Structure formats: structure tokens, C-alpha cells
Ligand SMILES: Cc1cc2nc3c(=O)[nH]c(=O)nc-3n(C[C@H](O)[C@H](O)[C@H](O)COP(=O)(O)O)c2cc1C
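Quick heads-up: it's one chain on its own, the form predicted alone, in C-alpha cells.
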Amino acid sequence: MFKTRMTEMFGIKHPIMLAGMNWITEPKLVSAVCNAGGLGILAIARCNAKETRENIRQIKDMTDKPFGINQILIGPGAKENIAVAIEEKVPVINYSLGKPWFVNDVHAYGGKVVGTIAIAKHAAKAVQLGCDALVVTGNEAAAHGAAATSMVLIPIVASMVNVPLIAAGGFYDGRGLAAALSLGADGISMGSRFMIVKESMVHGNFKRLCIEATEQDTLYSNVFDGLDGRVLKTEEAEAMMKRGFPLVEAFKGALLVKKLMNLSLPKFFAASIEMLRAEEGHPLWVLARQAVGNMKHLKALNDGDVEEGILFAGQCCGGISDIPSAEELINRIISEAANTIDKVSTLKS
């Protein structure tokens, strides 16, 4: 067992966090990670306030361990979702893309605020704004990283701030945990590895594709949802790299997102305008690509459509070869990390 600033701050057994992934981190997976000693994170950007509350209460029914939520702050419904999480006194509030206006409210009930960053200079700013810990995302990660790899980014950030750091991007086994601790992190966050466990809702077709993939079988571009991100290499993903602006698909995707989030037309347009006005706002073509990406992502997750679906996935898929339970995976990682550190310690002269 590893005792780090991460385990002490969040009151968990193991320094392993489930990355918040829209549609994937449902209560079943979140609670499984928590019950296995890690920190489960529920992604709520896809939810309206009512759904957020229902999911939080489901998790509370399934575990008595600490857990958290993840919310993109410039997305539609962010303020309402964060308000619900605070009302429910969720122990950990993890956010990305925006300024956390809610820090004092979370601290008031003893909760912790965790910012997600991918650029070193953003780390100090996040701590200034009141973050208790940071998720540091390297380029190897699924979805949205930046240019720097975990090997470079983690020690740079560790030298800049004095809060617990959770390394994300490229971590899937005990050797990675040992490496992250050596680089200055206090634990790891895993998304792609937790997608391929028994409790994950990801369709079997894409679990199989991830297992069959090598470390070379991902694509990194802004065409998938308007922001720089990484997906599993498929024929559709490769075709998206070659296409022009997907006007028709963007319209269909926008309508799908509006329906899934139960937004009226005025609220949908208001949310889009709010995103554009935000400090990290994006032009309409980015929002349109996000709509297309969401639509294709859901085809992969729910339907297992390997022809038209895409799946955000990290380079670490090349090292994933089985589908364990969340508990089996966490126990394996902890054991392997301990063995790795013991082995390295014997190299002393």
C-alpha cells in the first residue's frame, strides 16, 4: 500500500483515480473504483441538473467511500451541475476549462477542488485560484492534452507548485505508477485503462479494438471534437482527418446533444453563446465539431459501430491486453508498483 499526499488528502487507500469520461464513468464504474480503494470520478458535463443529482445519489447508495465529479466549466449546464454537487456535498470537485468560482463553497463543507491542466503555466494559476490538487495531463492521454508528454510535464509542474499532483496520460500499470511517483506526482489518473474493465459500459467491439491496438494506433488532431485530442485509429477516424468541415453532421450532432441534455432551443443557443463568451471560449466551428464528435463517440460506446463510431483513447492501449474487474486491476497495479520500486532500489551502488 502506498501512502501519498493524494491518499491522505482524499481519504482513499490507493493513489489511483478514475478519470472522468463523459458517458463512460457511470455510477457502476465509479463506485467499483471507490470500493476497490481508488478515487472514482463521475463525469457530469453530459448531464442536466436532475440527472447529476440522480447519479450522485446512486453512487452514494453503492459506496460509502470518497468520490468526485468532473465538469467542464464552459459547457452548458456547468453552473447548475456544480450547484447540485455542492448541495450533495460531493467530496471532490474536479474541473477543466474555466475558472472555479465555487472554491469557497466546496471548502465550506470540507470538500476538495481539483483542477485539470495540460500546460505548466496553468498550474500556478490554478493553485492561486484555490485548487487543493491538480490533475496533470500529458500528450499521451485520451482526448484533450497539449504538446508536452507526461515525462516532461510532471516534473516541471512538481517544481512549480506544492499541492498533490495526479499524473494523467500514458498510465495503465504498476510500472507507470512507480514512474509517476518518481517524477514528482502523488498518484495517477487512468481513463483508457479503466475503459477496459468489466464494469465499464464501453461496447465490447471497442474494448476488443483497444486490446488489439498497438501504441501506434491512435490519432491526435482537433478534427474529432474541435479541440486537440486523441482517438483510437479506425477507418472513420482516419477519414475525419481528411474531410473538410462537416456541416450536415454538425447540425445533426448539435440536435443530438440538445436532445440528450434536455435543453430547449433557447437554452441550447444561450449555452452556445455562453461558451463563446467564456475566457476559454471557442469559435462556432469548434462547437460544431464537438457536436459531431459526441455523436460519433456515442455510436462507438452504445452501438459498437466500428464503421462510423470513434473512441477517445490514449497511447497506453498498446499495453492493455485483458479485461479485469476494477478491483483486480487496482490490486495488480499496486503490487506491480511495489515490486518495481523494490527492484529499482537494488540498483543503488
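Don't overthink the numbering: it's just position in the shown sequence, from 1. All values derive from a computational prediction rather than experimental measurement.
Beyond the structure shown, there is the form predicted in complex with the named molecule, which is absent from this document and is the topic of what follows.
Listed residues 85, 131, 141, 166 were compared with the named molecule in the predicted complex; 141 is the one with a heavy atom within 4.5 Å. For the residues 170, 76, 174, 91, the 4.5 Å heavy atom test against the named molecule in the predicted complex is passed only by 170.
Contact check for residue 32: every heavy atom lies farther than 4.5 Å from the named molecule in the predicted complex. Remark: residue 297 counts among the residues lining the named molecule in the predicted complex, judged by a heavy atom distance of 4.5 Å or less.
Although the partner is absent here, residue 40 lies well away from the named molecule in the predicted complex, with no heavy atom inside 4.5 Å.
By the criterion of a heavy atom within 4.5 Å, residue 340 is excluded from the residues contacting the named molecule in the predicted complex.
No residue in the set 27, 52 and 81 has a non-hydrogen atom no more than 4.5 Å from the named molecule in the predicted complex. In summary, the region of this chain contacting the named molecule in the predicted complex, judged by heavy atoms within 4.5 Å and restricted to 191-199, 216-224, 156-164, 98-106, corresponds to 191-199. Annotation for 1-27: interface residues with the named molecule in the predicted complex are 19, 20, 21, 22, 24 [heavy atom within 4.5 Å].
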